[in-house]
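Single chain ahead, written as structure tokens, the form predicted on its own.
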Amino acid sequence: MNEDLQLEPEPAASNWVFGYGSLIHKVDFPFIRREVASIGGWVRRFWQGSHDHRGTPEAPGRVVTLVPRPGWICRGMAYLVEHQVFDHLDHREKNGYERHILDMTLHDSGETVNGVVYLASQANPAFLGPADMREMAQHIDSAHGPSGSNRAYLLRLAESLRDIGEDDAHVFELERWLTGKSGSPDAP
């Protein structure tokens, strides 16, 4: 893991939180302000297992985490939230994710702010790691959990990324494999 990361044990009275997966579109918490934002040095990958939302303990789904990638920019959504929102977010992101503090750039205002990012490192027990794109797409297509199908998670994320102007090759390639659109060697 990146040694420059700071764990965030207790957020301030209000703080920014950066969403790069379902936090972009499944906003089930109150916020003071919301803005498209980006963080440097990270990429989104479907390498985290989901035992509690998009899969089960016996058949985990695959959801996104961030992995370090110097020079890359990851676009997502930033929310300014009150302290009590973190109780909800900690429960929602409990399956291997930890709070970290990273700098993020708010796109509308151009401000750089510190914010909480939930990251699932490869040291957590639910980490699945990289796999062949076809295998990941098949895994995602077959997984289902209490929050719905893993397929719906991927397709909604791809749609949300397009909405905020993010061109994420990893997510969009998995989407092509999943939907059979051109781009995969076996597409009709």
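Quick note: we count residues from 1 along the sequence shown, nothing fancier. All values derive from a computational prediction rather than experimental measurement.
This next part talks about the form predicted in complex with a small molecule, which is not shown.
Trainee: When the small molecule is placed as it is in the predicted bound form, which of 22-30, 35-43, 131-139, 144-152 ends up with heavy atoms within 4.5 Å of it?
Mentor: This holds for exactly one stretch, 22-30.
Trainee: Please identify the residue among L161, V67, A126, V64 with any heavy atom within 4.5 Å of the small molecule in the predicted bound form.
Mentor: For this set of options, the contacting one is V64.
Trainee: Would F86 count as touching the small molecule in the predicted bound form under a 4.5 Å heavy atom rule?
Mentor: No, no contact at 4.5 Å.
Trainee: Using heavy atoms and a 4.5 Å limit, would one call W16 a contact residue for the small molecule in the predicted bound form?
Mentor: No, W16 sits far enough from the small molecule in the predicted bound form that none of its heavy atoms falls within 4.5 Å.
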